[in-house]
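Okay, so here's just one chain, in structure tokens, the form predicted alone.
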Amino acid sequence: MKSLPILFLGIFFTLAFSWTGIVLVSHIQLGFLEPATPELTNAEEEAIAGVLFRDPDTGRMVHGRNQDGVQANPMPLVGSAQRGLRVYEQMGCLYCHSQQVRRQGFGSDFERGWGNRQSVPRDYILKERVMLGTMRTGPDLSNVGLRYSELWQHQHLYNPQITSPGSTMPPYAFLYEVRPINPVTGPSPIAIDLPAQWALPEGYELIPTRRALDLVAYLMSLHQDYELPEIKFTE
């Protein structure tokens, strides 16, 4: 019983030290990052330059362009891409795919073409939930919007064997609808083309559902093709 206060203090200081080192220090270092241009590192300087403006409702800096047309990055998700993030979560994509390019020399991310620079904390500041992933059963998706077209994304989701023979990824055909072509209006403008060996029976077309369109919009939004003050392509 006499050692109980010492035990309590030991547990308290252990937890406090861990929380300070992992949470508090990280928040001090990264918690106030804002979108930036490659040249400007201070949010106030960017606002003066006309690149960012503080939203009075949210308190965050919102995007604009300065007189030279320089864009502040990263960009926020909007519209269909924002909805597609929810589909990405629901489909469990983060369990097999990561969204973080490791620095050169740590793994083979650069050699595999997953990015031209490493990912940095500022890349994720506008994300409500960061999809870093838990493993890499499949390739990293940090720049998947740069690597493939929308058509490729749809074909891959409908049946991964179309684009990646031997892939272990399951098909998401339930995100698409096979239906007869309307004899009056003809094929739908959003119908997905399939290679000849995967073609549907004559008179039918493959139509993406709203969830499929949103998911592909999200995937196409994934790109880290911009420089930041802390990371350049030349480094």
Partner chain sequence: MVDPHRFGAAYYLIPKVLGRPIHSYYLSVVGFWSLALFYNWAGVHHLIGGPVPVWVISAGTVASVMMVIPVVVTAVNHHMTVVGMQREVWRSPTLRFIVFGAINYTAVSLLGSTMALRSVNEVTHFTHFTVGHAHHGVYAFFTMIMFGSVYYMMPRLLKREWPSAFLIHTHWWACALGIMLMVVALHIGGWIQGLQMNALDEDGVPVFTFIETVRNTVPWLHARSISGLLLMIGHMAFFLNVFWMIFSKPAAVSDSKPTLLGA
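Residue numbers count along the first chain shown, from 1. Here the structure is a predicted model, which means the values were calculated and not measured.
Here the subject shifts to the form predicted in complex with its partner chain, a form of this protein not shown in this document.
Student: Just to confirm, with a 4.5 Å cut-off on non-hydrogen atoms, which of Gly115, Gly133, Gly84, Pro74 contacts its partner chain in the predicted bound form?
Tutor: Looking at Gly115, Gly133, Gly84, Pro74 one by one, just Gly133 meets the 4.5 Å heavy-atom criterion.
Student: Please tell me which of Ser98, Asn159, Asn143, Gln153 lies within 4.5 Å of its partner chain in the predicted bound form, judged by heavy atoms.
Tutor: Checking each option against its partner chain in the predicted bound form, the one that comes within 4.5 Å is Ser98.
Student: My question is simply whether Val120 lines the interface with its partner chain in the predicted bound form - judged by any non-hydrogen atom within 4.5 Å.
Tutor: Flag for Val120 set to yes.
Student: Can any non-hydrogen atom of Pro165 be found within 4.5 angstroms of its partner chain in the predicted bound form?
Tutor: Heavy-atom contact with its partner chain at 4.5 Å: present for Pro165.
Student: Considering only heavy atoms, tell me if Ser149 and its partner chain come within 4.5 Å of each other in the predicted bound form.
Tutor: Ser149: no contact with its partner chain in the predicted bound form.
Student: Does Ser26 make contact with its partner chain in the predicted bound form, using a 4.5 Å heavy atom cut-off?
Tutor: Because a heavy atom of Ser26 falls inside 4.5 Å of its partner chain in the predicted bound form, the answer is yes.
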